[in-house]
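Before any questions on how it binds or moves, here is one chain, the form predicted alone, in C-alpha coordinates.
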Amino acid sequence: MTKKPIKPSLQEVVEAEGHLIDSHIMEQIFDAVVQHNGRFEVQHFHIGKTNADPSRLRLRVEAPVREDLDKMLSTLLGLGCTPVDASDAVFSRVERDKCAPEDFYSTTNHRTLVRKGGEWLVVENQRMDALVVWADGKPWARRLRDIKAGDEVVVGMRGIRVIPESKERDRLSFAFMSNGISSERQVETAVRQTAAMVRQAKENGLKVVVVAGPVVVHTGGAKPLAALIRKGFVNALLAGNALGVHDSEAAIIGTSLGVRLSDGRLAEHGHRNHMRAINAIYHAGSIRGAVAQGKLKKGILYECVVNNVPFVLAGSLRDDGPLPDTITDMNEAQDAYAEQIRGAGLVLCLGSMLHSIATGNMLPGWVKTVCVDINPAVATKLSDRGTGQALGVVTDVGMFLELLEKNLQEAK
(Lines give C-alpha, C1' and ligand atoms only; values in the text may rest on other atoms or scores of the structure.)
Protein backbone atom coordinates (compact mmCIF):
# COMPACT_ATOMS: atom_id res chain seq x y z
CA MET A 1 0.00 0.00 0.00
CA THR A 2 1.45 3.35 -1.08
CA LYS A 3 1.51 6.07 1.57
CA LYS A 4 0.32 9.54 0.68
CA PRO A 5 3.17 12.05 0.62
CA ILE A 6 3.14 14.41 3.60
CA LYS A 7 2.48 17.95 2.49
CA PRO A 8 5.31 20.16 3.76
CA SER A 9 4.39 23.06 6.03
CA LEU A 10 4.93 26.63 4.93
CA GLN A 11 7.70 28.26 6.95
CA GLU A 12 9.06 31.67 7.85
CA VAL A 13 11.80 32.89 10.16
CA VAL A 14 11.05 36.05 12.17
CA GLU A 15 12.96 38.16 14.67
CA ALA A 16 11.83 40.44 17.50
CA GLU A 17 13.74 42.79 19.78
CA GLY A 18 12.73 44.78 22.86
CA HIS A 19 11.51 44.25 26.42
CA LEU A 20 9.87 40.99 25.41
CA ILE A 21 9.47 39.39 28.83
CA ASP A 22 8.26 42.06 31.24
CA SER A 23 5.93 43.51 28.58
CA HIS A 24 4.48 40.01 28.01
CA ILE A 25 5.17 40.31 24.29
CA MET A 26 6.93 36.95 23.98
CA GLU A 27 3.98 34.97 25.34
CA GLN A 28 1.70 36.87 22.95
CA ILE A 29 3.99 35.87 20.08
CA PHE A 30 3.82 32.19 21.01
CA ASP A 31 0.03 32.37 21.49
CA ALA A 32 -0.41 34.01 18.08
CA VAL A 33 1.41 31.16 16.34
CA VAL A 34 -0.71 28.49 18.02
CA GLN A 35 -3.96 30.41 17.44
CA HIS A 36 -3.29 30.38 13.70
CA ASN A 37 -2.81 26.58 13.56
CA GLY A 38 0.96 26.97 13.54
CA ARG A 39 4.03 25.67 15.29
CA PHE A 40 7.21 27.43 16.34
CA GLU A 41 10.81 26.65 17.09
CA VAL A 42 12.99 29.07 19.05
CA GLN A 43 16.26 29.31 17.17
CA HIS A 44 17.84 31.99 19.36
CA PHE A 45 16.89 33.91 22.49
CA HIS A 46 18.97 36.50 24.33
CA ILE A 47 17.64 37.91 27.61
CA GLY A 48 18.40 41.56 28.34
CA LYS A 49 20.49 41.84 31.50
CA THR A 50 19.74 45.47 32.40
CA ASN A 51 16.77 47.87 32.12
CA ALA A 52 18.29 49.36 28.99
CA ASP A 53 19.36 46.04 27.44
CA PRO A 54 16.69 44.59 25.10
CA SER A 55 15.94 40.91 24.66
CA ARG A 56 16.23 39.30 21.21
CA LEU A 57 14.20 36.44 19.78
CA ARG A 58 14.63 34.48 16.54
CA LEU A 59 11.76 32.14 15.75
CA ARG A 60 10.97 29.68 12.97
CA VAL A 61 7.22 29.47 12.47
CA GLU A 62 5.22 27.18 10.21
CA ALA A 63 1.61 26.73 9.19
CA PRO A 64 -0.20 24.10 7.08
CA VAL A 65 -1.71 26.51 4.52
CA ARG A 66 -0.80 29.92 3.08
CA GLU A 67 -3.89 31.63 4.53
CA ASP A 68 -2.96 30.61 8.09
CA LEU A 69 0.64 31.70 7.60
CA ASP A 70 -0.37 35.09 6.20
CA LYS A 71 -2.76 35.73 9.10
CA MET A 72 -0.10 34.60 11.55
CA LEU A 73 2.55 36.89 10.07
CA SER A 74 0.12 39.81 10.11
CA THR A 75 -0.49 39.30 13.84
CA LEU A 76 3.21 38.75 14.56
CA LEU A 77 4.09 41.93 12.68
CA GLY A 78 1.94 43.94 15.09
CA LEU A 79 3.83 42.32 17.98
CA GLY A 80 7.18 43.48 16.63
CA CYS A 81 8.24 40.38 14.66
CA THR A 82 9.97 41.07 11.35
CA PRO A 83 10.56 38.38 8.69
CA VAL A 84 14.28 37.65 8.33
CA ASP A 85 15.17 38.60 4.79
CA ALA A 86 16.73 41.53 2.98
CA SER A 87 13.58 42.58 1.13
CA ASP A 88 12.51 46.19 0.82
CA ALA A 89 8.89 47.10 1.42
CA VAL A 90 6.73 46.63 -1.65
CA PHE A 91 4.93 49.72 -2.94
CA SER A 92 1.92 49.68 -5.26
CA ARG A 93 0.42 52.63 -7.08
CA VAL A 94 -3.12 53.77 -6.27
CA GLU A 95 -5.39 53.87 -9.32
CA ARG A 96 -8.37 55.78 -7.89
CA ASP A 97 -8.85 58.29 -5.07
CA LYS A 98 -9.72 56.59 -1.76
CA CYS A 99 -9.30 53.12 -3.28
CA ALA A 100 -6.23 51.18 -2.09
CA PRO A 101 -4.86 47.92 -3.52
CA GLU A 102 -6.50 44.90 -1.90
CA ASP A 103 -3.36 43.80 -0.02
CA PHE A 104 -2.46 47.21 1.44
CA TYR A 105 -0.72 47.25 4.82
CA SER A 106 -2.90 48.68 7.62
CA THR A 107 -0.94 50.39 10.40
CA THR A 108 -1.05 50.02 14.18
CA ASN A 109 -0.41 52.92 16.57
CA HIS A 110 3.08 51.58 17.34
CA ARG A 111 6.25 53.09 15.95
CA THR A 112 6.70 51.66 12.44
CA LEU A 113 9.60 51.54 10.01
CA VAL A 114 9.66 50.49 6.36
CA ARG A 115 12.71 49.45 4.38
CA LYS A 116 13.44 51.21 1.11
CA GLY A 117 16.74 51.05 -0.72
CA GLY A 118 18.09 48.81 2.04
CA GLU A 119 17.49 51.53 4.67
CA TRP A 120 14.97 51.44 7.51
CA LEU A 121 12.90 54.65 7.57
CA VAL A 122 10.52 55.77 10.35
CA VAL A 123 6.90 56.28 9.25
CA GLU A 124 5.85 59.87 9.92
CA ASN A 125 2.54 60.91 11.53
CA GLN A 126 2.06 57.44 13.04
CA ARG A 127 -1.52 56.40 13.82
CA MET A 128 -3.61 53.24 13.70
CA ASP A 129 -5.82 52.12 10.81
CA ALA A 130 -3.91 54.04 8.15
CA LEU A 131 -1.88 53.21 5.04
CA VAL A 132 1.83 53.88 4.53
CA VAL A 133 2.31 56.27 1.61
CA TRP A 134 5.62 57.35 0.07
CA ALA A 135 5.66 61.14 -0.25
CA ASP A 136 8.35 63.85 -0.18
CA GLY A 137 11.08 61.24 0.20
CA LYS A 138 9.53 59.75 3.36
CA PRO A 139 6.94 57.14 4.37
CA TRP A 140 3.81 58.66 5.92
CA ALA A 141 0.77 57.18 7.69
CA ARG A 142 -2.24 58.44 5.77
CA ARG A 143 -5.95 57.73 6.14
CA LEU A 144 -7.77 55.79 3.45
CA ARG A 145 -9.97 58.76 2.59
CA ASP A 146 -6.86 60.91 1.99
CA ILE A 147 -5.05 58.74 -0.56
CA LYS A 148 -5.03 59.93 -4.16
CA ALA A 149 -4.62 58.31 -7.55
CA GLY A 150 -0.90 57.97 -8.22
CA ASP A 151 0.12 57.58 -4.56
CA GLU A 152 2.50 54.73 -3.78
CA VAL A 153 1.34 52.68 -0.78
CA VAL A 154 2.95 49.75 1.03
CA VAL A 155 1.39 46.37 0.26
CA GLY A 156 2.04 42.96 1.77
CA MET A 157 4.14 42.41 4.90
CA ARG A 158 7.73 42.51 3.67
CA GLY A 159 10.12 45.25 4.68
CA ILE A 160 7.98 46.41 7.61
CA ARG A 161 9.11 46.64 11.23
CA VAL A 162 6.78 47.48 14.13
CA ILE A 163 8.15 48.42 17.56
CA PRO A 164 5.52 47.84 20.29
CA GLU A 165 5.64 50.10 23.33
CA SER A 166 7.29 48.54 26.37
CA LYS A 167 5.82 48.53 29.84
CA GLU A 168 6.89 51.56 31.87
CA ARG A 169 10.30 50.76 33.40
CA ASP A 170 10.19 53.59 35.95
CA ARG A 171 8.49 51.50 38.64
CA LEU A 172 9.01 53.99 41.45
CA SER A 173 7.65 57.06 39.71
CA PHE A 174 4.69 55.39 38.01
CA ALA A 175 4.10 52.25 40.02
CA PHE A 176 0.37 52.95 40.23
CA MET A 177 0.22 52.86 36.44
CA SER A 178 1.56 49.33 36.13
CA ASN A 179 -1.72 47.57 36.90
CA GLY A 180 -3.91 49.17 34.25
CA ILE A 181 -7.47 49.88 35.41
CA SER A 182 -8.55 49.53 39.03
CA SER A 183 -11.23 51.02 41.27
CA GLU A 184 -9.15 50.15 44.34
CA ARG A 185 -6.36 52.59 43.64
CA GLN A 186 -5.79 55.52 45.99
CA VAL A 187 -7.00 58.61 44.18
CA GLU A 188 -4.39 60.80 45.86
CA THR A 189 -1.62 58.56 44.50
CA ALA A 190 -3.10 58.61 41.01
CA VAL A 191 -3.40 62.40 41.13
CA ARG A 192 0.16 62.86 42.37
CA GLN A 193 1.62 60.71 39.61
CA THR A 194 -0.58 62.28 36.95
CA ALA A 195 0.65 65.69 38.09
CA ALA A 196 4.22 64.43 37.70
CA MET A 197 3.38 63.37 34.14
CA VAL A 198 1.95 66.83 33.41
CA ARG A 199 5.13 68.50 34.68
CA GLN A 200 7.32 66.07 32.75
CA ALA A 201 5.47 66.75 29.50
CA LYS A 202 5.79 70.50 29.99
CA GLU A 203 9.50 70.23 30.82
CA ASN A 204 10.06 68.22 27.64
CA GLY A 205 8.30 70.83 25.53
CA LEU A 206 5.37 68.52 24.76
CA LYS A 207 1.69 69.39 24.80
CA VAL A 208 -0.82 68.40 27.47
CA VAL A 209 -4.17 67.83 25.78
CA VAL A 210 -7.44 67.46 27.68
CA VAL A 211 -10.41 65.51 26.28
CA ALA A 212 -13.45 66.42 28.38
CA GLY A 213 -17.10 65.49 28.57
CA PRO A 214 -19.99 67.50 30.10
CA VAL A 215 -19.70 65.46 33.32
CA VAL A 216 -16.72 67.73 34.12
CA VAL A 217 -19.23 70.56 34.59
CA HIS A 218 -21.88 68.42 36.33
CA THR A 219 -19.40 67.17 38.95
CA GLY A 220 -17.95 70.57 39.77
CA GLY A 221 -14.79 70.13 37.73
CA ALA A 222 -15.22 73.25 35.60
CA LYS A 223 -13.54 75.55 38.13
CA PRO A 224 -10.34 73.49 38.62
CA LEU A 225 -10.09 72.71 34.88
CA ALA A 226 -10.46 76.42 34.12
CA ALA A 227 -7.69 77.10 36.64
CA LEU A 228 -5.42 74.52 34.98
CA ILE A 229 -5.96 76.24 31.62
CA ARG A 230 -5.34 79.69 33.11
CA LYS A 231 -2.10 78.54 34.77
CA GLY A 232 -0.68 77.09 31.56
CA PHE A 233 -0.98 73.37 32.29
CA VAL A 234 -3.31 72.68 29.32
CA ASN A 235 -2.31 73.28 25.69
CA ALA A 236 -5.51 72.19 23.93
CA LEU A 237 -9.06 71.18 24.80
CA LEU A 238 -11.01 68.59 22.79
CA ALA A 239 -14.69 68.06 23.54
CA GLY A 240 -18.18 67.76 22.14
CA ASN A 241 -20.95 70.29 21.83
CA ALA A 242 -22.36 69.26 25.23
CA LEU A 243 -19.27 70.38 27.15
CA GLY A 244 -19.49 73.81 25.49
CA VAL A 245 -23.22 74.10 26.15
CA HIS A 246 -23.12 73.18 29.83
CA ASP A 247 -19.96 75.16 30.50
CA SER A 248 -21.72 78.19 29.00
CA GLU A 249 -24.90 77.47 30.97
CA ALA A 250 -22.90 77.27 34.20
CA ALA A 251 -20.97 80.45 33.47
CA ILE A 252 -23.89 82.57 32.25
CA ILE A 253 -26.83 81.28 34.34
CA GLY A 254 -25.19 79.40 37.21
CA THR A 255 -26.86 76.04 36.55
CA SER A 256 -25.84 72.73 35.01
CA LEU A 257 -28.66 70.72 33.42
CA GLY A 258 -30.95 73.15 35.21
CA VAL A 259 -29.50 72.37 38.65
CA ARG A 260 -28.13 75.33 40.59
CA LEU A 261 -24.41 74.92 41.21
CA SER A 262 -24.62 76.99 44.39
CA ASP A 263 -26.89 74.64 46.37
CA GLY A 264 -27.71 71.68 44.13
CA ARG A 265 -31.41 72.56 43.88
CA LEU A 266 -33.38 72.45 40.65
CA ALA A 267 -33.92 75.96 39.29
CA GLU A 268 -37.40 77.02 38.23
CA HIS A 269 -37.80 76.28 34.51
CA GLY A 270 -34.21 75.07 34.67
CA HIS A 271 -34.79 72.53 31.92
CA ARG A 272 -34.55 75.35 29.36
CA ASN A 273 -31.40 76.97 30.74
CA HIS A 274 -29.05 75.18 28.36
CA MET A 275 -31.13 76.48 25.45
CA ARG A 276 -30.93 80.01 26.87
CA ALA A 277 -27.13 79.61 27.03
CA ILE A 278 -26.97 78.46 23.40
CA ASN A 279 -29.14 81.42 22.39
CA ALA A 280 -26.85 83.84 24.23
CA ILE A 281 -23.82 82.50 22.35
CA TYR A 282 -25.66 82.80 19.04
CA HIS A 283 -26.53 86.42 19.80
CA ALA A 284 -22.81 87.05 20.32
CA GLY A 285 -21.92 85.17 17.11
CA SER A 286 -19.47 82.75 18.75
CA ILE A 287 -17.89 81.81 22.05
CA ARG A 288 -15.06 84.24 21.39
CA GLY A 289 -17.66 86.91 20.61
CA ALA A 290 -19.47 86.19 23.88
CA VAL A 291 -16.20 86.70 25.77
CA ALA A 292 -15.45 89.95 23.90
CA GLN A 293 -18.96 91.27 24.62
CA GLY A 294 -18.77 90.38 28.32
CA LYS A 295 -21.54 87.79 28.13
CA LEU A 296 -19.18 84.94 29.01
CA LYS A 297 -17.05 85.98 31.98
CA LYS A 298 -15.76 82.69 33.41
CA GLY A 299 -15.55 78.97 32.83
CA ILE A 300 -13.55 76.49 30.78
CA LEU A 301 -14.09 78.02 27.34
CA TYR A 302 -13.66 81.56 28.72
CA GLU A 303 -10.18 80.61 29.95
CA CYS A 304 -9.37 78.98 26.59
CA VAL A 305 -10.27 82.22 24.78
CA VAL A 306 -8.44 84.67 27.06
CA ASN A 307 -5.35 82.45 27.32
CA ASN A 308 -5.23 81.55 23.59
CA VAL A 309 -5.62 77.83 24.26
CA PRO A 310 -7.19 76.19 21.18
CA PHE A 311 -10.38 74.20 21.67
CA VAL A 312 -12.34 71.94 19.32
CA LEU A 313 -16.02 71.09 19.79
CA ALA A 314 -17.13 68.12 17.70
CA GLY A 315 -20.81 67.73 16.91
CA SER A 316 -23.07 64.67 16.97
CA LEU A 317 -26.59 63.68 15.91
CA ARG A 318 -28.04 64.34 19.38
CA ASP A 319 -26.74 67.91 19.85
CA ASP A 320 -28.96 70.79 20.95
CA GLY A 321 -28.20 73.93 19.00
CA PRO A 322 -25.45 73.18 18.33
CA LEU A 323 -23.20 76.07 19.36
CA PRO A 324 -21.93 78.14 16.43
CA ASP A 325 -18.36 77.00 17.21
CA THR A 326 -19.27 73.30 17.01
CA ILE A 327 -17.93 71.47 13.95
CA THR A 328 -20.77 69.36 12.58
CA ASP A 329 -18.87 67.81 9.67
CA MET A 330 -17.28 64.67 11.15
CA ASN A 331 -14.31 64.62 8.77
CA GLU A 332 -13.54 68.26 9.58
CA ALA A 333 -13.90 67.59 13.31
CA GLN A 334 -11.57 64.61 13.09
CA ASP A 335 -9.01 66.70 11.21
CA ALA A 336 -9.25 69.44 13.85
CA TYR A 337 -8.72 66.91 16.66
CA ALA A 338 -5.74 65.39 14.85
CA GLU A 339 -4.14 68.80 14.43
CA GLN A 340 -4.35 69.58 18.15
CA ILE A 341 -2.90 66.26 19.35
CA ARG A 342 0.15 66.70 17.14
CA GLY A 343 3.12 67.07 19.48
CA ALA A 344 1.24 65.80 22.53
CA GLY A 345 3.17 64.17 25.35
CA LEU A 346 0.18 63.52 27.61
CA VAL A 347 -3.56 63.23 26.95
CA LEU A 348 -6.02 63.41 29.85
CA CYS A 349 -9.41 61.88 29.02
CA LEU A 350 -11.99 63.14 31.50
CA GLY A 351 -15.48 61.67 31.58
CA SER A 352 -16.07 61.19 27.86
CA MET A 353 -16.23 57.75 26.29
CA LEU A 354 -16.86 58.66 22.64
CA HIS A 355 -14.38 61.51 22.35
CA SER A 356 -11.75 59.62 24.37
CA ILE A 357 -11.94 56.62 22.04
CA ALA A 358 -11.89 58.89 18.99
CA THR A 359 -8.79 60.70 20.25
CA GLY A 360 -7.08 57.47 21.29
CA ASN A 361 -7.50 56.09 17.78
CA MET A 362 -5.52 59.04 16.41
CA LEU A 363 -2.64 58.84 18.88
CA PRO A 364 0.66 57.07 18.36
CA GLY A 365 1.22 54.42 21.01
CA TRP A 366 4.03 56.25 22.79
CA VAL A 367 1.85 59.19 23.93
CA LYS A 368 0.92 58.73 27.59
CA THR A 369 -2.84 58.62 28.06
CA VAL A 370 -4.72 58.78 31.37
CA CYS A 371 -8.46 58.06 31.37
CA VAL A 372 -10.45 59.29 34.39
CA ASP A 373 -14.05 58.12 34.76
CA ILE A 374 -16.37 56.88 37.49
CA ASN A 375 -17.23 53.96 35.18
CA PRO A 376 -14.32 51.48 34.78
CA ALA A 377 -15.84 50.26 31.50
CA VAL A 378 -14.84 53.54 29.82
CA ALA A 379 -11.12 53.01 30.39
CA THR A 380 -11.48 49.34 29.47
CA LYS A 381 -13.20 50.16 26.18
CA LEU A 382 -10.57 52.77 25.34
CA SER A 383 -7.84 50.17 25.84
CA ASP A 384 -9.76 47.45 23.98
CA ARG A 385 -10.30 49.72 20.96
CA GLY A 386 -6.54 49.79 20.36
CA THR A 387 -5.23 52.44 22.76
CA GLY A 388 -3.23 49.92 24.78
CA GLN A 389 -1.21 52.65 26.50
CA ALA A 390 -4.34 54.07 28.16
CA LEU A 391 -4.16 53.98 31.95
CA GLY A 392 -7.38 54.13 33.94
CA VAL A 393 -8.26 56.01 37.12
CA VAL A 394 -11.74 55.09 38.38
CA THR A 395 -13.04 58.03 40.39
CA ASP A 396 -15.23 61.14 40.32
CA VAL A 397 -13.91 63.46 37.62
CA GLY A 398 -14.67 66.65 39.53
CA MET A 399 -12.78 65.49 42.62
CA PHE A 400 -9.86 64.30 40.50
CA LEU A 401 -9.54 67.71 38.81
CA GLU A 402 -9.76 69.57 42.13
CA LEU A 403 -6.95 67.45 43.60
CA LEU A 404 -4.87 67.69 40.41
CA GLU A 405 -5.10 71.49 40.30
CA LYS A 406 -4.15 71.68 43.96
CA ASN A 407 -1.18 69.34 43.49
CA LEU A 408 0.17 71.25 40.50
CA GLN A 409 -0.32 74.58 42.27
CA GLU A 410 1.60 73.41 45.36
CA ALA A 411 4.49 72.16 43.24
CA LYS A 412 4.99 75.50 41.43
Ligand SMILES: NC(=O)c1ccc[n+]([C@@H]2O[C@H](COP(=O)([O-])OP(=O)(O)OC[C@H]3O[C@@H](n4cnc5c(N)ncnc54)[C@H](O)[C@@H]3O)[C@@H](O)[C@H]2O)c1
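Position 1 is the first residue in the sequence shown; the rest follow in order. Being a predicted model, the structure only gives us computed values, none of them experimental.
The next section is about a form of this same protein that is not shown, the form predicted in complex with the named molecule.
- Figure note: of the listed segments 148-156, 88-96, 215-223, 123-131, the one touching the named molecule in the model of the complex, with heavy atoms no more than 4.5 Å away, is 215-223.
- Residue contact check for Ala390: none of its heavy atoms lie within 4.5 Å of the named molecule in the model of the complex.
- In the model of the complex, at least one heavy atom of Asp319 sits within 4.5 Å of the named molecule.
- Looking at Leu20, you'd find every heavy atom of it more than 4.5 angstroms from the named molecule in the model of the complex.
- The closest non-hydrogen atom of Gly240 lies within 4.5 Å of the named molecule in the model of the complex.
- Each of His274, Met353 and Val378 is positioned with at least one heavy atom within 4.5 Å of the named molecule in the model of the complex.
- Site annotation in the model of the complex: the residue of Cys81, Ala314, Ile300, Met72 reaching within 4.5 Å of the named molecule with a heavy atom is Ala314.
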